[in-house]
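First, one chain by itself: the form predicted alone, in structure tokens.
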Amino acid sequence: MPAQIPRVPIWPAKMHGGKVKQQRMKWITLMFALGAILFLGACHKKAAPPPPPPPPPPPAPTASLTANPNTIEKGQSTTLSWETSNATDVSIDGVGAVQATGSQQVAPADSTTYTLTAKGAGGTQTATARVTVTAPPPPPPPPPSPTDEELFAQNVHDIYFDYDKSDIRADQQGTLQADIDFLKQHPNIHFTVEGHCDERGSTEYNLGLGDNRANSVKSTLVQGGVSAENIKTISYGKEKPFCTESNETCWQQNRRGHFVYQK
């Protein structure tokens, strides 16, 4: 038969009551001490450090673009101005690569929207500026050409006579030649030469003198090359004075061959 191993009780069944209690206290103390050691060991175990935070993303580019003035006439220029940040590559459509900040004159032929593109590690940013090109105002119309009547009044001058005379005075030759030159350049103009006199002398005498003066002017014009068909003559004598005072200054103004445009 196999040998029997005697069983040793954890707590002696028949141990004196005081000793049993003492053994139990030792056992509880031992378990408490063991638990404290395990707890303290766990508390002193170092926690793993947290992972480092990820690096911040690179800043996004910024961009602005303006045109001054933003409305121009065709053929004029305007100034583009721009500012960017956080960009390594900056360009403007129609201009090309530019510095990060700057300005440049442009002269678009037509209305144009300029687009600036700024690129960097943080992305891409764009900005636009609109330039409106207008047609220049039409030139003012030329002034209307003067009429023949206006030209006649500006260029044909009266011829003055001495008292009781009908021949052309020497000092009137230049004026009459200028009249001839103009009338030859405008052969379509028809006119009347009026013969006038001062107030001295009879009405009949002055009518005859006025007629002589008008015909003297006409004769010189025709000799100078002006068509006789363009010229009429009439005498008013002293009936239509230009000046009504009775002195030589006034009388001199009345002794003349006066040109009148025929409409």
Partner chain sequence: MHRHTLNSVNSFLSRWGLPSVARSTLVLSLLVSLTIPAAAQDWIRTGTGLGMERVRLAAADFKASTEDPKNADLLRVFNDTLWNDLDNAGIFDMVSKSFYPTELPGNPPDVRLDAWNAPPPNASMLAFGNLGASGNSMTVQGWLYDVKNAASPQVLGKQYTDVPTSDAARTIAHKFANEIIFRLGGGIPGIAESRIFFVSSRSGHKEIWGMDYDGANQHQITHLGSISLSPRISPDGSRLAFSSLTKSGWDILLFSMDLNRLVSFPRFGGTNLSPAWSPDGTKLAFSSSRSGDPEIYVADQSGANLKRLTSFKMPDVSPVWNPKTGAQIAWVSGRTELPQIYTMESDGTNVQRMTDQGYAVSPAWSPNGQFLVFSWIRHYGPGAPGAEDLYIMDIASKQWVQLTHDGGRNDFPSWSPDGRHIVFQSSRSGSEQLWTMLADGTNQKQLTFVGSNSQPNWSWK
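A quick note: this is a predicted structure, and the numbers were derived from the prediction, not measured. Residue numbers count along the first chain shown, from 1.
Missing here is the form predicted together with its partner chain; even so, the following discussion is about that form.
Undergrad: What stretch, of 162-170, 141-149, 81-89, 110-118, brings heavy atoms to within 4.5 Å of its partner chain in the predicted complex?
TA: Stretch with heavy atoms near the partner: 162-170.
Undergrad: Its partner chain isn't shown here, but in the predicted complex which of 234, 222, 65, 60 has a heavy atom within 4.5 Å of it?
TA: Only one listed residue qualifies here, and that residue is 234.
Undergrad: Given that its partner chain is not shown alongside this chain, does residue 229 nevertheless sit within 4.5 Å of it in the predicted complex, heavy atom to heavy atom?
TA: Residue 229 lies outside the contact set for its partner chain.
Undergrad: Flag residue 240 as yes or no: does it have a non-hydrogen atom within 4.5 angstroms of any non-hydrogen atom of its partner chain in the predicted complex?
TA: Residue-level check for residue 240: yes, a contact with its partner chain.
Undergrad: In the predicted complex, does residue 70 have a heavy atom within 4.5 Å of its partner chain?
TA: Residue 70 lies outside the contact set for its partner chain.
Undergrad: Looking at its partner chain in the predicted complex, which residues in 214-231 have at least one heavy atom within 4.5 Å of it?
TA: Sequence-ordered list has one entry, 215.
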